[in-house]
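What follows is one chain in structure tokens, specifically the form predicted on its own.
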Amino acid sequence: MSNGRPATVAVSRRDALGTMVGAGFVAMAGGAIAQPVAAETPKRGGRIRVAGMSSSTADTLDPARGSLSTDYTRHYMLYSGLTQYDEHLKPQLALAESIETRDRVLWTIKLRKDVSFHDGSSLTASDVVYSLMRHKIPAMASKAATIATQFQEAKAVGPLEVQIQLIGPNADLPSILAASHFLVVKDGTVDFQTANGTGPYICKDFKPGVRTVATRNANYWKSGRPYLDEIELIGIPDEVSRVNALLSGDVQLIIAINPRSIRRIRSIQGFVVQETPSGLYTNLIMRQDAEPTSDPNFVLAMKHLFDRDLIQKAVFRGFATIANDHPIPPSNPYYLQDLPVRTYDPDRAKFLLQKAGLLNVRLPMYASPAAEESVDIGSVLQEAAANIGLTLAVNRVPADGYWSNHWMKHPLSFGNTNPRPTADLIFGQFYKSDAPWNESGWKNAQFDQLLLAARGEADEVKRKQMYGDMQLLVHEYCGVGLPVFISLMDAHDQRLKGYGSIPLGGLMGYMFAEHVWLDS
């Protein structure tokens, strides 16, 4: 879901991070961290309020338990990771000074010197070991527990050196380590009533479901950053209310703008709309363990009922990219370009529904504002289906409680998934047979085998072919219909400078805090 799933990780490839690949050796050397280029000289000082799209009494300061976009934003303000994503979603070195491996199984990480936690204590290898291995402890209730099963062992081999042994090769480990869930906490921390991180801001006040206030960390390990004195983070679930808060000056930055609001914001002087093309998507879920959605003819019929051009233009006002019923966007280096985009074909859909014996029936379909634009997408599908004799009853349910009460709970419903930085992560979390968020309950042994094999494949040509085969399998057989990839749309006061795009999510991939400043 757009505001509710881990904004997880990716892996270093040949083109990532100055990575060197040769003779089976991968090394990520230390050096300057790539940052979005600032056109102006940053200024220090000032305070801003930022409105996320979610707020809950379950809000947390524990990176391992983050599940909403506001959680991810809060955690990136207060903590740092071993690596971090750049504007191309490639992992860059952060707390790690270098990362090396010869076989993609055993990794050696050397840490930066003179990095301090907010309590003044120094970062050590033991903090990193604890931060990684705690995800494997059931009582921690980590949202990244499934990913952490890849960690066979992490151990300190020196005061500032860590070795990570994986259960099998995975070239994407540097990307995984950049995820918000794997941000580094102090060794032994179990009480997260406050935050003790190495991030750009220090927690001043935290009230779950109300607000987070953070002040500038004067001892931040990146020289000169951050720039603002204080940031207040709140949640405003209603998009119209978020826009009104921005235009009234109550907040200076907001996430997740509806395309219908863009003209209004741009018509008023003093505000900027930021578009970031991304892998965000809203998808139709057809459960494979329920009737009639388990019928392959029904699944294919629904995919042919997506008028992708209409959805892109009418629902998203052009702020979207055509998708092809699989979750890998065209910007991904493993995108299967040779696969023709499935066409809108109501005649074909009618034939398939007749074959399934499902014409002239009535089926409920659950949509919600929680799944971005699912209500409007559902209406487009409803009209297309009615024209060929299928009645889809769009049940609009409230955003509050949608993910716990309706998502994946009905034969037909909608999901909404944040961008993931690697193909492995999106496939592993949502499409593998035993994935925790396998939305349609789709199980395909060939897909599972390809996914595991691709993680350790050193030959990039073969690896790309494997990911292409996986896209084809999802496109043809999975119980998920995916019409477009949605651009991330944020808006801010024009006095807020340094704001750019990191296509992991809104608010610069939730990492805006260390980049922005006020030009008042």
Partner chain sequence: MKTTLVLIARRLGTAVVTLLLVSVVVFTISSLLPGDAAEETLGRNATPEAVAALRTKLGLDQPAHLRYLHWLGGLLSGNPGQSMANNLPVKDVIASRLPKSLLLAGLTTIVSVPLALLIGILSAMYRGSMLDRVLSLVTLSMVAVPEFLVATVAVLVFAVNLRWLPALTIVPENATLGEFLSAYAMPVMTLCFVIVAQMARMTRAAMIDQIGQPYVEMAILKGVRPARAVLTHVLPNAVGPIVNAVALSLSYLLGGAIIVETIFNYPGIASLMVDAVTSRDMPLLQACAMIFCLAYLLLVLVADICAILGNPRLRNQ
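Numbering follows the first chain given and starts at 1. As the structure is a prediction and not an experimental result, all values here were calculated from the model.
FYI, the form predicted in complex with the partner chain isn't displayed, but the following is about it.
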*Is there any non-hydrogen atom of Ala139 lying within 4.5 Å of the partner chain in the predicted bound form?*
yes
*Is there any non-hydrogen atom of Cys203 lying within 4.5 Å of the partner chain in the predicted bound form?*
no
*Partner proximity in the predicted bound form: Asp309 to the partner chain, non-hydrogen atom cutoff 4.5 Å*: no
*Considering only heavy atoms, tell me if Pro159 and the partner chain come within 4.5 Å of each other in the predicted bound form.*
no
*the partner chain: the contacting residue among Ser294, Gln150, Asn438, Asn244 in the predicted bound form [heavy atom, 4.5 Å]*: Asn244
*Since exactly one of Phe351, Phe271, Tyr130, Tyr335 fits, which has a heavy atom within 4.5 Å of the partner chain in the predicted bound form?*
Phe271
_Contact segment among 78 to 86, 120 to 128, 295 to 303, 227 to 235, judged by heavy atoms lying within 4.5 Å of the partner chain in the predicted bound form_ = 227 to 235
*In sequence order, which positions of 189 to 226 have a non-hydrogen atom within 4.5 Å of the partner chain in the predicted bound form?*
Gln193, Pro208, Gly209, Val210, Arg211
*Versus the form shown, are the CA atoms of Ile48 and Asp400 closer or farther apart in the predicted bound form, given a shift of 3 angstroms or more?*
farther
